[in-house]
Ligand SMILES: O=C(O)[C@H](O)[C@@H](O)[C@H](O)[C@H](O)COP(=O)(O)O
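Just one chain is shown here, as structure tokens, and it is the form predicted on its own.
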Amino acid sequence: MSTPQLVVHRDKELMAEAAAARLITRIVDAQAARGSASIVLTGGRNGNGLLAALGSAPARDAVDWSRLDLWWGDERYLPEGDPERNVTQARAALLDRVPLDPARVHAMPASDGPYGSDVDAAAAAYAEELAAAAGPGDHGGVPTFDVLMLGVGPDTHVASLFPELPAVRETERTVVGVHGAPKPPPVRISLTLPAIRAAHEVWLLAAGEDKAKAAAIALSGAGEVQAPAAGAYGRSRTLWLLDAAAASELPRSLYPPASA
């Protein structure tokens, strides 16, 4: 378990740009060291904002996009191409504009795919895909992701792990179907906390006043069942990337001055 580090930016636009630059550096370093990189994407306004900033970043072409594996932390169990699906939004924000290897873009199953309405079977299939990509040095049946990004919800949820629901209590499986999510749509697929914690680095993104209380709760020692964001951490680094509004309820001693 790594101790959370905080970086606070002036506003959400600057946060997205800085996070994109940070991610480019991390990907390039991983590709230089190992030949490829493995990243887990998140949806929502902050995840999509980061992808859009990445698409317009001056150093975008430093990444070898053909040697990048992309995974998702969660997905809305909706038909392929639905505008509410995280992968649909990611394609619009970035993925359709860079030369990715389609075989290395690991989207979660859609509700009109081979598993139909059986979200649990779809989740199990994604777990099998992760396990097949894991190497002998990896942990917990998933690849050791270089960076796993998570948006933080106003209720402290991350991925589709909502407070008190069964998915946040899962300790064995790496991917689960989520039923009855309090945020529509109610049926989803999500990585579990054990899968999230296999990542080298976990980055939690929070911007806006509506995220301030969630950040304060998660960073105050709350339990992960009540505040799932508190249970999201990386093997070597846990990084909270916030704007000033999201950090407004944190004690000043907890974070450095705005970095820009």
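From 1 onward, residues are counted along the sequence shown. Values in this document were obtained by computation on a predicted structure and should not be read as measured data.
Missing here is the form predicted together with the named molecule; even so, the following discussion is about that form.
Proximity of residue 178 to the named molecule in the model of the complex: non-hydrogen atoms within 4.5 Å are absent; the residue sits far from the partner.
Residue 169 falls outside the set of residues with a heavy atom inside 4.5 Å of the named molecule in the model of the complex. Shown alone here, residue 234 lies farther than 4.5 Å from the named molecule in the model of the complex, counting heavy atoms only. For residue 44, a non-hydrogen atom is located within 4.5 Å of the named molecule in the model of the complex, even though that partner is not displayed. Checked against the named molecule in the model of the complex, the residues 148, 142, 152, 123 give one hit for a heavy atom within 4.5 Å, which is 152. Of the candidate stretches 69 to 77, 169 to 177, 125 to 133, 102 to 110, only 69 to 77 contains residues with a heavy atom within 4.5 Å of the named molecule in the model of the complex. Shown here without the named molecule, the chain has no residue in 11 to 27 lying with a heavy atom within 4.5 Å of that partner in the model of the complex.
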